[in-house]
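A lone chain, given as C-alpha cells: the form predicted alone.
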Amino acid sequence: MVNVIGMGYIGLPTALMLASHGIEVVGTDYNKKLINTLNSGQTTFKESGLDQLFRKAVEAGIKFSTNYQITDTYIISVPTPYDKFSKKVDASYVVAAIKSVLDVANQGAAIVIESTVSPGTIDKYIRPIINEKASQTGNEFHLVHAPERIIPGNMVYELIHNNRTVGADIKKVGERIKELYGSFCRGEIVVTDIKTAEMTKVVENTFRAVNIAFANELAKICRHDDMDVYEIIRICNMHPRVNILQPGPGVGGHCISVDPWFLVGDYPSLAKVIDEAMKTNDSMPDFVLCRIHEIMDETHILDKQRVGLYGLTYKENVDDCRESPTLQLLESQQRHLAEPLKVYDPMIAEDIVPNQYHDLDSFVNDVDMIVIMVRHEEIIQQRKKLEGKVILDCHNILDMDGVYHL
C-alpha cells in the first residue's frame, strides 16, 4: 500500500493516478473538511480530466483519511513555500509530515518526497530526523526525492506522459520507486542521487523564469521607445536558434514564481542573473498598473472604478490563484491606499477579493476599460462582448482594432 500525504494540487492527482493503475492507495491530509469532501465523492479543485480520474480511482478502492497509515511506501506532497525576506525554502510542512510518517512507518519503509525543495534541503532538514529515529528504534528508513513535473490545467496528461526523476541513496530503492511510478508513467524515469534530483527540478523552473523575464524586460524596452514587442519577437523567432517567449502581466503559481528564489536564497553571491530575472517578473504587475494609468489618461477615463481586471487565477483555464499576478496588482494598489478595481474570473466561484463579479455580462456593463490579466478560453470566445470598451490586452490574444498592449 502507498500512503500519499497531502491531498492538494499535486498529491491528489498522484494518488488518483496510482489507484487507477492497480496500486492500493490511502490519501492522507490533516484538513478534515477536505477529506470529508473527497469521501463524499467530490474533488476539491477544477482540473481537466480530474473528475473522471477520481471516479476511476474510487472504483479501484482508493481511501481518504486524516490518519497516517502503517505501510512500506509514503509519498510526501505538501507545500514548500519560501521566506520572502531570506528567499530560502520553508521546509516546515515537509518536516512535520516526515515526523508523522516516522511514528507509524514499517521497518525499511521508503519515504518519497515529491514536494519541490532547494538543493541540500533533504540533507539539512530531513536526513537528521530520519537518522535520529533510526538510532532510537533500530529501524532503517529510505529517503527518496521524486519531484513532481506537472502543470495545472494539464495535470492528468502530464502525469502520464512527462519524464520523471527519482533521486535515492540506494539504487535498488530508487529502482523500486521507479517501478511504482512506472505503473502509470509512460515517460522516461531517470534514477539518480537525491541532491541531483533536488537541483534539476529547481533548475527546470528557473530556466523558464529567466526566459520569461527576458520577454518581460523586452516589453518594457519596447514600450519605452514605442516599438511593437510582439512583432519584434515574431520576427526574431523566425531564426532557427531563437525562441523568445511572450511577455505577460507577471508570473504566478507555486513553481516558476517560487522555486528560483531557492537558488537566490542559498547562493546569494552567485545567482545574480536569477535574482534580477525574478525581480523583473515580480515588477510586471506594477508595470501593468502604470500602463492602466497611461491608457486612462489617453482615453480620458477619469473614474478608476470604471476599470476592470479580467482574470484572478495565475494561468488560463484553472482555478488556482497562488501567487497570481492579479492578486499582486491588487496588493500593490492597496499599498498605495487606492480603491480596488473591479475583478471577474469565470473559474472562481467564491468571493476572494473586493469588487468581484461572477457574471461576464454584468462585469462588462459596469466598466469602460478591461484589462485582460488571464487568457481564459472564455474571453477569446466572448470577445465580441468587449466591443466599444477600452482594452489592455496583456497577452496579445485579441485580434481587434484599438486594443492596447503592454
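These numbers were taken from a predicted model, which means no experiment stands behind them. Note that residue numbering begins at 1 and tracks the sequence as displayed.
If you look for the form predicted together with a small molecule, you will not find it shown, but the lines that follow are about it.
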The single option of G248, G174, P285, P119 touching the small molecule in the predicted bound form, heavy atom within 4.5 Å: G248
Listed residue (R208, K87, R164, K133) with a non-hydrogen atom within 4.5 angstroms of the small molecule in the predicted bound form: R208
Interface membership of I256, the small molecule in the predicted bound form, 4.5 Å heavy atom rule: yes
Interface membership of W261, the small molecule in the predicted bound form, 4.5 Å heavy atom rule: no
Partner contact for I151 in the predicted bound form: the small molecule, 4.5 angstroms, heavy atom: yes
Contact label in the predicted bound form: V112 to the small molecule, heavy atom within 4.5 Å: no
Triplet E231, R234 and R291 all within 4.5 Å of the small molecule in the predicted bound form via a heavy atom: no
Proximity to the small molecule in the predicted bound form (heavy atom, within 4.5 Å), stretch among 124 to 132, 199 to 207, 96 to 104, 165 to 173: 199 to 207
